[in-house]
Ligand SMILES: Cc1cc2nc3c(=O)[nH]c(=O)nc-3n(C[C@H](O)[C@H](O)[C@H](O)COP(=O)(O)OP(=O)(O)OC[C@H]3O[C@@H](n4cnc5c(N)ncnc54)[C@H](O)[C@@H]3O)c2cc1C
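Next comes just one chain, in structure tokens: the form predicted on its own.
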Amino acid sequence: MDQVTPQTPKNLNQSPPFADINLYETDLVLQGCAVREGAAHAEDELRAFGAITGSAENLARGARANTRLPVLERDTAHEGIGNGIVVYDPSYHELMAISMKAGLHCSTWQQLVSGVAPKPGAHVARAAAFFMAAQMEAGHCCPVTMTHAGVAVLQRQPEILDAWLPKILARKYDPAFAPVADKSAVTLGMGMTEMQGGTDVRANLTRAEPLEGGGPGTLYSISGHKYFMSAPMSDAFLVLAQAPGGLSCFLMPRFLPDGTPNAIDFVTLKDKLGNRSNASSEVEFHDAQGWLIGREGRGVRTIVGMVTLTRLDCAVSSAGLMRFALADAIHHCRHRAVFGKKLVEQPMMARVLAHMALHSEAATMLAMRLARSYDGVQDEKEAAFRRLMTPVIKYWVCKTAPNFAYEAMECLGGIGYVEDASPLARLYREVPVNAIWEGSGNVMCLDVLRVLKRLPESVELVLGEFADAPGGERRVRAQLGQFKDLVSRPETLEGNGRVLAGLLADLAIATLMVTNAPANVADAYLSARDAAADDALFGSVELTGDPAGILERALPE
């Protein structure tokens, strides 16, 4: 019988894998933001981390962690309620070790032990590294950000912070299911959401009763249910429950001080659309124990410091994912030939990519500018920017990421839709979560409205920054007038929540662009924005300037 000759060509007109690239050195926008916003001192570390996060080996780990998913099992070494454990593929643990070694869970809190003031730009340096870690693999970033943000809550109870901080600050990842005393490092999770309330946490039914007379720092017995609890492999969780004095915040350890598992019963792991490497759980508490953080009835005010920091990370992560999608799309189009030319040389594709590059630059600028406001703790203007613009930037960056990811996937054609041929299919499933978690779009806009109503002086400080854009940029002035007109009509304020948040985002982007971007890039962005409807598709507006020059800035050849 004649031997059949294989007919399938190999690697014919295909782009090479987008891997073994330095995610810092190839990103001129991120470099500029890091230096400008105060993290120049960290450039060597960021460059080294860029090589790690962009390596083929670690990108492959990210893909593996999203196909070999976590499962819920029972630890036979412990009996009864509380012995549920989440088992991960080794690739997930390797990703966690990389990000924790880089200090993404703790680097901005070092001064709490050393007593030395943090370096200027500590939050910016961390955000730039987090931006790259999300590109390596986004799911593992959840427990990293929860651990980092949890410290802001524990600061309200100094004696508990003192007990936990040394192992939070440790940079050697320890995944063992064991009491804190037996571990070298710990991570934190969070549980707020209940089935009947969702975002409305004041409708929570979980109950907490004092075991030691009650009061800050004392133990309570907690019973109830959380429909969604993040990072169930963690060593402790910040949870909300109804104490006698109202909704309160508690630190619930995985193990009790005597070394036995706490009565935390993981019912199931959520089968999520994306973010699949990261376990999320439904859980019941059966007289589980937790320490009250802050005062009874102040649970929302206590935990809001954590939520604010996680919102920052949502924006940074989404900006990072947009960056990776853009870079992969440009890379593909520079290698793939269609109709006698490279795709990137086709005028329509070049315009699509250039428009996307401008949007990605805007998202990166917003995220890093927001990170700088978290470094300016004592600065009145930075505090005002942080309060007003955290929900604005989280809203705009995270809300625009899904359409951006889809457009990047389409640039690759059919292979962009194939899970084992491109990372963009997985990325497309990943990006919606940041717009939903830590407050969905409408919740962000309601937060903006609260600032407009209650802190008008903070709003004026932020608007002053926008009004000071070089040359009194006419488009900035026009939008400032539109914004102030809408705010002057309180009867329509809530209905216009998304309009107002969008205007603030546009004002911030315009200010950052005209102040910091090359003139041709700023003009191209602003002209495209002027020409576009709110739902305009990428590439559907005319751009000023040369798309090839914009793409060279986006990803130098």
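No experiment lies behind these values; they were computed from the predicted model shown. Residue numbers here begin at 1 and follow the sequence given.
Separately, the form predicted together with the ligand exists; it is not shown, and the next lines address it.
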(request) Work out which of the listed stretches, 95 to 103, 68 to 76, 414 to 422, 191 to 199, brings a heavy atom within 4.5 angstroms of the ligand in the predicted complex. (result) 191 to 199
(message) Quick check on this chain: which one of R207, R475, R171, K272 has a heavy atom within 4.5 Å of the ligand in the predicted complex?
(response) K272
(message) So the ligand isn't shown here. In the predicted complex, which residue out of S360, S230, S373, T187 has a non-hydrogen atom within 4.5 Å of it?
(response) S230
(request) Although the ligand is absent from this view, report whether M349 comes within 4.5 Å of it in the predicted complex, heavy atoms only. (result) no
(request) Using the partner position in the predicted complex, report whether G441 sits within 4.5 Å of the ligand, counting heavy atoms only. (result) yes
(message) When the contact criterion is heavy atoms within 4.5 Å, does L312 count as touching the ligand in the predicted complex?
(response) no
(request) Answer yes if any heavy atom of S458 is within 4.5 Å of a heavy atom of the ligand in the predicted complex; otherwise answer no. (result) no
